[in-house]
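Next comes just one chain, in structure tokens: the form predicted alone.
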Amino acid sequence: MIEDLKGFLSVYAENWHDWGPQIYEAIWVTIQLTIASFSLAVVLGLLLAVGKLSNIGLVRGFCTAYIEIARGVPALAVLFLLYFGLVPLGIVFDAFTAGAIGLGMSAAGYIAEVFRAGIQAIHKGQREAALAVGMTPMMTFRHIILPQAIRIILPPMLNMVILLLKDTSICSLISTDELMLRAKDLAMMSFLPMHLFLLAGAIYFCLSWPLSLITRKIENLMQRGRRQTFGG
């Protein structure tokens, strides 16, 4: 058993000089893809959340429809539409851009609901008090509502980062040069699929696990703060 394990691990030592540089580059692409898609999702999600809470019926209806569609349509379908479906219209995205936009547009539907829940969790009296002292609705949102909502939504937002990090793997299907595509290419060249896909899974875990720990720590701090606030 031990000898078999040593033989299995020795494959990594023998091939790392070829695999290493390509794996490191793919990890960096995966991180960039996660950051880009999450940034787009946050901006778009915030706009959608504000729109869904708007008093303007047309805006509220559009934002609600987008959120429901984004949550109901698979991210892969969006990626295929952006990368393949728009080509006949003369709109061509490279694989990385299509991946970042597609994942960001899909995740925006979920992040919008996170923002909406966080905003609605703030007592209406604070908004009314801010308006009463002369603050505009925009100032009230920026300086009173949003800072408090961020404390509430931070843990689920970090969970969305983890989900997006893992979802970058589907971008391999549109030839985005991220970790899963690189692992698949190396597996085809070396005929060692078990070693390469185990390695890819371990790397995804090593990237996401620290974020999980941070999320848990923040949740514990917030719960402790609530207990202290309410005398629990």
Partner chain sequence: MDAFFTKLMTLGGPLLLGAGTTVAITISALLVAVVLGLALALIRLLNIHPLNWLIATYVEIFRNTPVLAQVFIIYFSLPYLGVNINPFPAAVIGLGLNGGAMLTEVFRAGLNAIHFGQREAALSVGMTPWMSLRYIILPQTWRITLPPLGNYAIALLKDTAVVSAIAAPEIMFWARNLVTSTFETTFVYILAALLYFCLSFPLARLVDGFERRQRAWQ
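Numbering follows the first chain given and starts at 1. Note that the structure is a prediction, hence the values are computed from the model and not measured.
Although it is not shown, the form predicted together with the partner chain is what the next lines describe.
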Practice problem: Let me know the one among Ile101, Val73, Leu154, Ile144 whose heavy atoms come within 4.5 Å of the partner chain in the predicted complex, would you? | Solution: Val73
Quiz item: If you check Leu192, Ile27, Val50, Val43 against the partner chain in the predicted complex, which one has a heavy atom within 4.5 Å?
Solution: Leu192
Quiz item: Is the partner chain close enough to Ser172, Ser212 and Arg216 in the predicted complex that each of the three has a heavy atom within 4.5 Å of it?
Solution: yes
Quiz item: Quick one: does Tyr204 come within 4.5 Å of the partner chain in the predicted complex, counting heavy atoms only?
Solution: yes
Quiz item: Would Val59 sit within 4.5 Å of the partner chain in the predicted complex, counting heavy atoms only?
Solution: no
Exercise. Verify the contact flag for Ile31: yes if a non-hydrogen atom of it lies within 4.5 Å of a non-hydrogen atom of the partner chain in the predicted complex, no if not.
Key: no
Quiz item: Is there a non-hydrogen atom of Leu186 within 4.5 angstroms of a non-hydrogen atom of the partner chain in the predicted complex?
Solution: no
Self-check item: Residues within stretch 76 to 102 having a non-hydrogen atom within 4.5 Å of the partner chain in the predicted complex
Solution: Leu76, Ala77, Phe80, Leu81, Phe84, Gly85, Pro88, Leu89
